[in-house]
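Let's start with one chain on its own, the form predicted alone, as C-alpha cells.
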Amino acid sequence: MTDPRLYCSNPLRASAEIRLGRDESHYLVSVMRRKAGDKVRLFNPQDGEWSADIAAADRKGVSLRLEKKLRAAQRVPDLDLLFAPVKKARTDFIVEKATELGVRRIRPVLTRRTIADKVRLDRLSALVREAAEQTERFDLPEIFEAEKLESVLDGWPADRVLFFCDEAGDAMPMAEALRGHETGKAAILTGPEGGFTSEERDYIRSLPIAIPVSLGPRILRADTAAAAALTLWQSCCGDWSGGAQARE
C-alpha cells in the first residue's frame, strides 16, 4: 500500500517531530487506518518530500518523526489560469484540474455573464491541497480573490502572454498559437457559461499581450474549456513537453 502523502508547511528536517492538525490526524487514523509505526510522506516546495514515521496516533492527534529526504522539490511551470466562476461543482472541477495540470496561480475573474459573484477560498484551498497531495506536485497553487475582469487585466504585465480562449471570431487553433511561445511566463483566460460579451471580447483583443485562440469546432462548457486549454499548453510548452518551462 502506498504511504499517505501530506502537505506540511513546517520546516522538514531529519529527526524533526511534527504534530499534525485535527483534519490531517483524522485523515490518517480514521480514513487511511494508519497507526504508530506506519510510514507517511510529507512535502512542501521549500524542503521537498520526506519520509516520516508515525510516532503516536490517538484521539489527541498524530505525531510524526521525520526520517530521510526522498526527493528534492520541483516547481511547476509559471502558468496562471484566469477563469469565470461557474456553478459550484464545475468551479470545483476547474480548480481541482488546474492543480493537477500544474497551474501556479488560479485567478477567478468576474465577467458580465458570470453567474457566481464570489468564491469560497477556504473550500478551494482544501481542494487544491488534496489535489496536490494526490498528484505528486510539491507546492499548492496560489488562489486569488475573485475580481472584475477589467481590474485583473488593467496593467497586465507585458512579459506574461495571455492566451484568450475566444470561440467567437477568427481565433487561430491554440496548438498553432503556442508555437513560438514555448518559453516564458504565460496565462490562459477562459470565459463564463454563455461566453464573453462583444464589448469584453473587443477589450481583451485590444491588449497587446492577448492572443485569441480557438479550442476547436465545438462550443465547450466552461469547465471543459479550462481543462482542454491547460492540457494543450502543458503538452506544447509545459513540463509535459520537457521544454524550458520544466527546467525553470
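We number the residues from 1 along the sequence you see. As the structure is a computational prediction, the values presented were derived from the model and not from experiment.
The form predicted in complex with another copy of the chain exists for this protein as well; it is not shown, and the discussion that follows is about that form.
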Exercise. Which residue among 153, 76, 161, 128 has a heavy atom within 4.5 angstroms of another copy of the chain in the predicted complex?
Worked result: 76
Exercise. Looking at the partner-bound form in the predicted complex, is residue 177 within 4.5 Å of another copy of the chain by any heavy atom?
Worked result: no
For this session: Determine whether any heavy atom of residue 93 comes within 4.5 Å of a heavy atom of another copy of the chain in the predicted complex, and answer yes or no.
Result: yes
Exercise. Taking heavy atoms only, is residue 31 within 4.5 angstroms of another copy of the chain in the predicted complex?
Worked result: no
Problem set entry | Residue contact check: residue 147 to another copy of the chain in the predicted complex, 4.5 Å heavy atom | no
Seminar exercise, completed: Partner contact check in the predicted complex: of 135-143, 153-161, 118-126, 104-112, the stretch with a heavy atom within 4.5 Å of another copy of the chain is 135-143
Exercise. Using a 4.5 Å cut-off on heavy atoms, what residues in 202-236 are near another copy of the chain in the predicted complex?
Worked result: 215, 216, 217, 218, 219, 220, 221, 223, 224, 228, 231, 232, 234, 235
